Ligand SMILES: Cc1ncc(C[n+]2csc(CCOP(=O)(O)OP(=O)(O)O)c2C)c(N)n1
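Here we start with a single chain on its own, the form predicted on its own, put down as structure tokens.
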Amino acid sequence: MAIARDTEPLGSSLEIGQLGLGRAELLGMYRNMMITRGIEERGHILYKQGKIPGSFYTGRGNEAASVGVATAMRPEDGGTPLHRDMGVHVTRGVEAWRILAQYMGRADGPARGRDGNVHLALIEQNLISMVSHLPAMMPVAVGLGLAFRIRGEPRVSVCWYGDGAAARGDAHEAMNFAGVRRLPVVFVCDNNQYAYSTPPQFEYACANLADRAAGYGFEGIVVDGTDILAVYEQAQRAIEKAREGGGPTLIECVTFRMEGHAVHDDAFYVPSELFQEWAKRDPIGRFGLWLSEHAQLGEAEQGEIENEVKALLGEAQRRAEASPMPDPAELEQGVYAESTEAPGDTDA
């Protein structure tokens, strides 16, 4: 039997107004979703052109979940977004050209050419860059929440992870610790149905991954991850609850990975009918339709937004490709902590 709360979609502009979202904010969310997808589409092209080293990962189909949660955060809140959560970086203000520069290992990327092409974050945005061992970021996010508690700061840590990561021990340890200490942490599980090639029935035995939250002593919520407004509503609720001392929440955003695990994976193991079914729930198309019905988004204005995003991405790619390669002499800058005091120095 399901334990987590299953949410309902928001159907009217009145409900959205009660959440504090005006038309400008709604169109901004739509634009951020389009920028997110556009960045990753250009990344695909750059990869095929041999301009992106290593492999390449995208979050197509996850734009509503990432942008929706990030929009609900305050600037002072922290988090650990992963490779399917590009919309978090876009929403928090990372410029598209810097993300493309990161993809290509250029000096102007957030990692300055020192790390993998999707290992990016700007500490100025209160985000911490991911590592490849994805659930390993969960204890880091909990550490942020603990630091906020110790300092008495009204800030919240948001932790992203996938359905596959939920099987690892560090996921359990992070949520258990956060639950015991009632820390200001919101766990966001991007359940995109496949942990690489493993489908849900071989991943977990509970009805929903959010059901596990009860075992850690906090609330679990299941939300349609293709519905950006439903995601925003639940994220805002959970974040403010954590900020007010109400402890953690686990939000399971049910989505579908519309591409392989990475560009080297053709996803042959996924039934084609699943792709067809989830394509009908494309988060960008779905939100665009809602905006046309509830926010007077006409074809002309929609076309203007699309052209604006296209121009922005074109300029971003040109600027990223003009970015220099990193200087090998600067390889260790920003990698190791530096101290101005010699070992053994004291204030005495």
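Bear in mind that the values here come from a model prediction, so they are computed numbers and not experimental data. Residues carry their position along the shown sequence, with the first being 1.
The discussion below concerns the form predicted in complex with the ligand, not included here.
The shortest heavy atom separation between Gly164 and the ligand in the predicted bound form is within 4.5 Å. Under a 4.5 angstroms non-hydrogen atom cutoff, the ligand in the predicted bound form has His261 among its neighbouring residues. By the criterion of a heavy atom within 4.5 Å, Ala121 is excluded from the residues contacting the ligand in the predicted bound form.
Taking the partner from the other structure, the ligand in the predicted bound form has a heavy atom within 4.5 Å of a heavy atom of Ala195. Residue-level contacts in the predicted bound form: of Val140, Met104, Leu146, Leu134, one residue has a heavy atom within 4.5 Å of the ligand, and it is Leu134. The contact residue chosen from Lys241, Arg98, His83, Arg212 relative to the ligand in the predicted bound form is His83, the criterion being a non-hydrogen atom within 4.5 angstroms.
Stretch-level contact analysis of 164-172, 245-253, 179-187, 230-238 against the ligand in the predicted bound form, using heavy atoms and a 4.5 Å limit, identifies 164-172.
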